[in-house]
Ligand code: PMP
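The chain below stands alone, shown as structure tokens; this is the form predicted on its own.
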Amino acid sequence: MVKDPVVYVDGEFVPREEAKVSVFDHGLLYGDGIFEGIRVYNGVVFKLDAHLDRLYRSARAIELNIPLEKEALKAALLETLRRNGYTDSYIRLLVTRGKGDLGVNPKKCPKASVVIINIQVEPMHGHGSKSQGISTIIASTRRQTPDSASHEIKSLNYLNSILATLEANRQGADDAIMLDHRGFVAEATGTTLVAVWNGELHAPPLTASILDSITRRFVLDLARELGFPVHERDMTLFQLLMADEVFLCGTMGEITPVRSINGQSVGDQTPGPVTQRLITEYKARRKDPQYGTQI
């Protein structure tokens, strides 16, 4: 029998079925809040400090006061993990604006709400995606411009990605790749993107309306360490379609090879040799305590 997980809600540890927020919470009413998705491997919380740093940067960007200092929040998260006792799991850490009223003004919300969910879940596209790859489309929905709703803020508002996902669903694809407002390649609906040409990695820059992904940074640094040249630059759709290999990377998706784009096969094999090498190294390092925090 699967154990019912404990959820942290504003200082209390409660059973999953009792974990609730108010219907007047601005996170529910307006998507007014931020979150982090974090993975635990073999009892190691991968890149926990980096995730917490990004959470507090996101909070600062939207003038959201997290009611816990960083070390206190870290302690609450680790205690949640200890109570659940999972060796390998996923964490969803949320901070909402908190309870207010039906007006959009955040001043009506006196205190933010903190929720820590810890469950066991497969990678975004399932374990089989690592060997088989996934099918993708190029979505007609574009990433928002950086001056409208920056994707460097990891907010609760994912409607942009949901619209692209609905489009992928209609076309029978596993995921959608999105372009930025200029027409350059940005990222997928919940992960960032990297292309490989002639053994060199090419990744869209942060200016392409993408999330400053912690997994992306780790994978690119790993590639450099392994001797692969890495370039962060704008990428045209033509260049993406001509790539030898394409993979997505993120906490939920880990490293996921892309098998096809708009029905067109990517490269000669899935996963390609560079992608496979990175998957192997990533699996070996993600459970190493030097890259995370021991529970």
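All residue numbers are counted from 1 along the displayed sequence. Because the structure is a prediction, the values reported are computed rather than measured.
What comes next is about the form predicted in complex with this ligand, which is not displayed.
> With this ligand left out of view, choose which of 89, 136, 191, 129 has a non-hydrogen atom within 4.5 angstroms of it in the predicted bound form.
If I apply the 4.5 Å criterion carefully, the residue I get is 191.
> Please identify the residue among 208, 211, 109, 77 with any heavy atom within 4.5 Å of this ligand in the predicted bound form.
Contact residue from the list: 211.
> So in the predicted bound form, is this ligand close enough to residue 251 to count as touching (4.5 Å, heavy atoms)?
Within the cut-off, so yes.
> Although this ligand is absent from this view, report whether residue 202 comes within 4.5 Å of it in the predicted bound form, heavy atoms only.
No, no contact at 4.5 Å.
> So, in the predicted bound form, is residue 54 in contact with this ligand at a 4.5 angstroms heavy atom limit?
Residue 54: yes, in contact with this ligand in the predicted bound form.
> Closest heavy atom of residue 215 to this ligand in the predicted bound form, within 4.5 Å or not?
So residue 215 counts as contacting this ligand.
> With this ligand left out here, work out from 95-103, 109-117, 165-173, 191-199 which stretch has heavy atoms within 4.5 Å of it in the predicted bound form.
Looking at the partner contacts, the answer comes out as 191-199.
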